[in-house]
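What follows is one chain in structure tokens, specifically the form predicted on its own.
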Amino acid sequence: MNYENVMKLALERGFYFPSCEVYGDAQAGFWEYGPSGVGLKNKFLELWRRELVRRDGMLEIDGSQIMSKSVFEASGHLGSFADPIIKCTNCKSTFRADRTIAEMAKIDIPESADLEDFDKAIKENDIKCPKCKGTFENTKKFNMMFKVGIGPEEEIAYLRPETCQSIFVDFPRLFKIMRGKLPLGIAQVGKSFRNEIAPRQSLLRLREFYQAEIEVFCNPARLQEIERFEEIQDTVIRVQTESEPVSMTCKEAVERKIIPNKFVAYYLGILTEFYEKTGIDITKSRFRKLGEKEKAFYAEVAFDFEVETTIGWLELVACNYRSDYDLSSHAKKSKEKFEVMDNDEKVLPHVFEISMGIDRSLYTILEHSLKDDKENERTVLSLKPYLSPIHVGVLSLVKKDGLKEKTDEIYVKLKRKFDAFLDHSGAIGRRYRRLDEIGSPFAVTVDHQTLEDETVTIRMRDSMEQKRVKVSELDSILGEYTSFP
């Protein structure tokens, strides 16, 4: 299944759709999750908390979306968080320089390259404006943060471009009041805002988007001493080499110095295990080490976790070793102390970041799970049962003879524990197909025999197998399959 198939599913089954679409002039880059999308997103985040946050006893915060100008002066975003843009001298249209060059000349230039590199590529390849064939002005930098004015005096502040800065500025307080000990992971889920020049392809490049970020504060002298490395040393990860991704264990990656140390390898390993549990095809994944001109300005070493889709490789997670860049910058700007004690040693912690794009992850899960079952003439969204927005559909064979009332009774009991959907109308086969398409792993059908012996037919989404079970057994059957692993 491709991008168009996923978009059709998303719009027709309530996963996501454009914001303010009734007005027809809604700004690009803003999308909204419908009921199915919210169900999938919430379960994805619960799995993230179980597999990453709670695994190591990390802390979770919920920081402000609007932050002081001082924060971004210290972080470097005011000076460095910018995309290269080019403006047509004729029609005045503005474009991303790197993307325009890639699309029109098939040349990949990192967005962090020097401005002169873009101008040179445009000149040498005679690239003209896609709209009017005009020439371009010299490449400039465009800061992507949204500026806001606070109060009647319009004090300058910004919508956060990433969720992590509140983690950094809150670190001294959190370490103290939570009796922290290095290494310490602090996590946050929330919205970030970037004034993208050319948002496109629904959830893949947004101006308002969800992130799930983890910042692990560590002693840089002890990156080979992580206690739980043995738990993932045999976990297979895929690392991009010069030609293609190669599978190897985390232990092998460290021994071959492909991954710099056990500390980084540990988190790449548990990240791989997490995404495997989401249903994404891990054989189509890779960790790609970024070059000097590709990585973010704050990163010392960076790996992108990317997954192959029908529209190319998508970056789902940025894994950045930020060293002490953030804490030292905020300490200098705020004049506050950010050093902490690690046993008997005072240390300014370094930070390893796992910055996850939730929207892109959900798109990839949908594409990898959407199947065209031609043999049975149906579309199936084969989500992991614990991620499905609807766990079970509860259907009456007909609405008469007391079946509607019995179906309602079973539905009321099930919806206390599971995400259940009640459906009385239409042909039973058509109702099954609708549930298949939204990803519901089970359908329970109430018929006349139910009134006689308290049994129902339960149908499995993927195999289409049907079997007779007692109503009293539904809780345990559904619970076994829909519980998180």
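Residue positions are given as counts along the sequence shown, with the first one as 1. This structure is a prediction, so every number in the text was calculated from the model and none was measured. Between two forms, the rigid core is the largest collection of C-alphas that superpose within 1.5 Å.
The discussion below concerns the form predicted together with the RNA, not included here.
Worksheet item: in the predicted complex, do Glu225, Lys333 and Val351 all put a heavy atom within 4.5 Å of the RNA?
Response: Judged in the predicted complex, none of Glu225, Lys333 and Val351 sits within 4.5 Å of the RNA.
Worksheet item: Which of these stretches, 339-347, 216-224, 256-264, 376-384, has heavy atoms within 4.5 Å of the RNA in the predicted complex?
Response: Looking at the partner contacts, the answer comes out as 376-384.
Practice prompt. Could you work out which of Thr249, Thr94, Gln240, Ser323 is the residue within 4.5 angstroms of the RNA in the predicted complex, going by heavy atoms?
Written response: Looking at Thr249, Thr94, Gln240, Ser323 one by one, just Thr94 meets the 4.5 Å heavy-atom criterion.
Item to complete: Tell me, out of Asp83, Glu300, Glu231, Asp281, which residue has a non-hydrogen atom within 4.5 angstroms of the RNA in the predicted complex.
Response: Contact check passes for Asp83.
Worksheet item: Using 4.5 Å between non-hydrogen atoms, is Val53 touching the RNA in the predicted complex?
Response: No, no contact at 4.5 Å.
Fill in: 4.5 angstroms heavy atom contact with the RNA in the predicted complex for Lys191
Flag for Lys191 set to no.
Practice prompt. Report yes if any heavy atom of Arg433 sits within 4.5 Å of a heavy atom of the RNA in the predicted complex; otherwise report no.
Written response: Arg433 belongs to the contact set for the RNA.
Discussion item. Just checking whether Gln466 would be counted as a contact of the RNA in the predicted complex - the rule being heavy atoms within 4.5 angstroms.
Written reply: Yes, contact at 4.5 Å.
Worksheet item: Considering only 391-408, what residues come within 4.5 Å of the RNA in the predicted complex, judged by heavy atoms?
Response: The stretch touches the partner through Leu397, Val398, Lys399, Lys400.
Discussion item. Quick check on Leu184: with the core superposed, does its CA move 2 angstroms or more between the shown form and the other one?
Written reply: The answer is no; the displacement is under 2 Å.
Discussion item. Does Met145 move appreciably between the shown form and the other one, meaning a CA displacement of 2 Å or more on the superposed rigid core?
Written reply: Where the cores coincide, Met145 shows only a C-alpha shift between the shown form and the other one that is less than 2 Å.
Discussion item. If the C-alpha spacing of Thr100 and Gly76 moves by 3 Å or more in the predicted complex, is that a move closer or farther apart?
Written reply: Those two alpha carbons end up closer in the predicted complex.
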